[in-house]
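Have a look below at one chain only, the form predicted on its own, in structure tokens format.
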Amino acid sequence: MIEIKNVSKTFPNGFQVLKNVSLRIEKGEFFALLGPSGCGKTSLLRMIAGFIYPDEGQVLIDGKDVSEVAPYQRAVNMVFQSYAVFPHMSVYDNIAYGLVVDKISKKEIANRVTEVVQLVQLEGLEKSMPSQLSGGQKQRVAVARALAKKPKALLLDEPLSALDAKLREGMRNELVKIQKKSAVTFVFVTHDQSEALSISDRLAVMRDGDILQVGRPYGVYEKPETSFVADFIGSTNLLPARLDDNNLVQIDGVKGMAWKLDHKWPRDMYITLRPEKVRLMVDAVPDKSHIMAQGVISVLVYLGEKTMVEVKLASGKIMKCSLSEYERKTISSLKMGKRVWCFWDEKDMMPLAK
């Protein structure tokens, strides 16, 4: 559906926002562009929309090169984070606006508006004014207006950022339902890792104008290819490690390591280990079949469904551990300053080049 071929873009101030980026987005996908502020994700979205043109490379939509085609001539539509809902128009008129501009017949406009109103679940609100709507309803109006023109792809630029946390969670679930029902390709820009993981079929992690990794959420989370991706997607423990002469992994202060890696890995590297893979033991020593390290609890944060624990190891490194509510209750003596053992399994570690 959308193909980006070796695209680069430098702004007039000399800042290179995109660096030889290539990407394929399949028809009917819910695809997320994820990264920190300034990484180039919004610029890439705007380039697909036609608001900025590449200095080098090509943008193809449905096999057609649209690199220098005006936005209104592309088969895409865009939803902005500010809603951009016309305050003086009813819900019906807002949704119908683009169709009126395109001089579609009144009967066809009525049919399309009815169709998308049902799709985004705004039935009964057609005559309402934006001032009478909640933030989530306004966003659904913006999505409906974009879908009414039957685009081949819908581009969403952090559309949920203006909503509060509870409404944001509900609205992202609604977007997934809308996308699946409409079968339109969605390209969604966000800096929120949990948002990208929960709604996308695939995602691309961006940094400094580059795409570092593309894949399904589970694959990117479980098998990050760089230390940045590992640390940016959720939380992780990045432990400095080294290979000895026998290619066995060595980590300061960690016992039970018998992990041998292929010789392709550099002598100095990182090991990434997700906090939910780390378990704690108090007043006892873990079974020797586990990898383990001893330390003192330095941070203890209760978050309802989980408890985040930071343990300062003897090496001085911090080990993060995420305990479920059940796990927390089974460790009655969990408290600040308590000496504990952290332990985990070899299969839960991933090697990363520095």
Partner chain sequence: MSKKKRQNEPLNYSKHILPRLMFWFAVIMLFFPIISIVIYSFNDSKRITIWRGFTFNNYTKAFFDLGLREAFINSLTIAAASTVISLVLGIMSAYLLWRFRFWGRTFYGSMLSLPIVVPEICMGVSLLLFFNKVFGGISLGSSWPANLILIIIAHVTFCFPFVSMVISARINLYSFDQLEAAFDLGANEVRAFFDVVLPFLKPALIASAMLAFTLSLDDFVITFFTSGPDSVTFPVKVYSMLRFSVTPVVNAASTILIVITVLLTLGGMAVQKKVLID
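No experiment lies behind these values; they were computed from the predicted model shown. Rigid core (definition): largest C-alpha set, two forms, superposition within 1.5 Å. Positions refer to the first chain, counted from 1.
Form predicted together with the partner chain: not shown, discussed below.
> in the predicted complex, does residue 84 have a heavy atom within 4.5 Å of the partner chain?
Replying inline: Residue-level check for residue 84: yes, a contact with the partner chain.
>> Test of understanding: in the predicted complex, would residue 51 fall inside 4.5 Å of the partner chain by heavy atoms?
In response: Yes, residue 51 lies within 4.5 Å of the partner chain in the predicted complex.
> Quick one: is residue 265 in contact with the partner chain in the predicted complex, heavy atoms, 4.5 Å cut-off?
Replying inline: Residue-level check for residue 265: no, no contact with the partner chain.
>> Residue-level question: is residue 218 within 4.5 Å of the partner chain in the predicted complex, judged on heavy atoms?
In response: Taking the distances in the predicted complex, the answer for residue 218 is no, it never comes within 4.5 Å of the partner chain.
> Pick from 99-107, 228-236, 207-215, 158-166: which stretch has non-hydrogen atoms within 4.5 Å of the partner chain in the predicted complex?
Replying inline: Of the options, only 99-107 has residues within 4.5 Å of the partner.
> If you check 282, 89, 176, 261 against the partner chain in the predicted complex, which one has a heavy atom within 4.5 Å?
Replying inline: Going through each option in turn, the one that passes is 89.
> If you check 78, 196, 116, 241 against the partner chain in the predicted complex, which one has a heavy atom within 4.5 Å?
Replying inline: If I apply the 4.5 Å criterion carefully, the residue I get is 78.
>> Aligned on the rigid core, do the two forms place the Cα of residue 131 2 Å or more apart, comparing between this form and the one not shown?
In response: Result for residue 131: yes, a 2 Å-plus shift.
> So, does residue 89 move by 2 Å or more at the CA between this form and the one not shown, with the core held fixed?
Replying inline: Where the cores coincide, residue 89 still shows a C-alpha shift between this form and the one not shown that is 2 Å or more.
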